[in-house]
Structures are given as structure tokens and as C-alpha cells.
Ligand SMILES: Nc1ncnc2c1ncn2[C@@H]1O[C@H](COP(=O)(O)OP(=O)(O)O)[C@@H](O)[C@H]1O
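In C-alpha cells, the next block holds one chain alone, the form predicted alone.
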Amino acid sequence: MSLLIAKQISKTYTASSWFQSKKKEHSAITNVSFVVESGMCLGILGESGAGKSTLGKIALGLLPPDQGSISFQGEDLYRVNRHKRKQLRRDLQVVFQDCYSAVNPRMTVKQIIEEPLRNFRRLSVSDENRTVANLLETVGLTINDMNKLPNQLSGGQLQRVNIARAIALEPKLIVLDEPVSSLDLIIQKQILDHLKELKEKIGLSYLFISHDIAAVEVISDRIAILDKGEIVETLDTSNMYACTHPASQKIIRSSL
């Protein structure tokens, strides 16, 4: 069974202002379909305004589509009851672009990583400490970072903390929404290499959303090109430079 299946999902926003008598509709995504298999990374590549953020929110169960369905582990995210959705959320985690706004600035690294553990698991204090220490080691940090606050960490370090939090519950799928775009190139490579290593080591699956073809190429098995709210082409990463759609070719050329 496929892990995540999107079928013909569409989302339209309605905008209006006090001086306009008529509301204007804007299609964010239209008839988008894709599949994420267990153990793979599907990259969603598109320019600014292509609909990537909307697609990510729908995939996470945060924004219901107007049409179509999104299924995770065989369950429709928008048709299950609240209890079932909470169960599914354990296996579906996210790492956002802005590592600082994704955390509570008053919480220590330990408290940030503990949060999902306390929401979903009942561990003793010693087991909780051991789990947090192991997670920090997994993402390339140390036990010395445990009691630091977010403002005491670099952007790259804090993004590693966010990754540690995301993998704390051993999820089946992580949605990576522009997770490295705010970092410098050296740190970007470190984070991407680490995400790839985690994928291979513990069998994580990713939906990797980005405008950066170089980042998508590093980690993705397949790439779906999103243009003006539509997926215009899906390719194996090894064959991405053989794309045929004009929008795909434009994005690929921009990286050369």
C-alpha cells in the first residue's frame, strides 16, 4: 500500500476588499495527483507562487481541499474522526522553512524535542532523557546542547533540533517544506546530507517541497514539477534533465 496518495486535489482561494463589490477567486492548485511510496522521497519542485505551500498544508491535513482526496496509510485525512486523525498525525510529521518560528523561544532544546514524546508516549524521566540524548546524537548535536534556548543556537543547529523533534515518534513520513532555504549553502548541504542519511538508515519517507532544484536533486528519488498550481511532469531524479514540458525545462535551465 502506498504511504501518501493525493487524487485530483484542487484548492481555490477567494479574495475581496472593501472597495470591491465582487469577490475574486484564485486557483492555488488544480487537479494535483501524486504518490509517495514507503522509503522514498518525492520532491515537489516549483517557482514562487506555484502552489507549493498550499499543497504542503493539504498533505499535512491542515487545509482541506475543495475537491479530491488525500490519503495517508489508507485513510482519508479529511474524513476520519478526531481520534483517528491524532493517531495518523503521529506518523506524519513536518519540518518548516523558518526554524525559529517553528519553536517556542522560551523552551529549551530538551523541552522542544520532548513535546511530541509527552503528547503520544508515556516515558519515565530517565527514558525520556535517554531518548532526547539519542535523538540529539542522531541529528549531529550533543547532550551539551540539551539545555540551550533557541537563541543560543545557529540556524543550522536549530533546524537539526526541529528534525530531531520530527523523528522523535519514528514517523512514517515527514513533509519537508523548504527546510533549508533560509540557511547558507554549507549548512544546507550538511542538513540535506543528514536527511538523506536518515532516510537510508531508518527508512524515512519524505515529501520534499522546494524551489531549489539543487536541494531537491540531492535527496529526492522522483521529482514532480509544479507550475501555476498544476503538476506538469513527474520524473525520476536520475532522468530530470530529460524533461520535456516547457515549464520543467525553464526551471531546470535556471539552475545551470
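All residue numbers are counted from 1 along the displayed sequence. Since we're looking at a predicted model, the values are computed, not measured.
Beyond what is shown, the protein has a form predicted in complex with the ligand; the following relates to that form.
Candidate stretches 200-208, 187-195, 66-74, 42-50, one within 4.5 Å of the ligand in the predicted bound form by heavy atom: Correct option: 42-50.
Using 4.5 Å between non-hydrogen atoms, is Y241 touching the ligand in the predicted bound form? Contact check for Y241: no, nothing within 4.5 Å of the ligand in the predicted bound form.
At 4.5 Å between heavy atoms, is A28 in contact with the ligand in the predicted bound form? Close contact exists here: in the predicted bound form, A28 approaches the ligand to within 4.5 Å, heavy atoms only.
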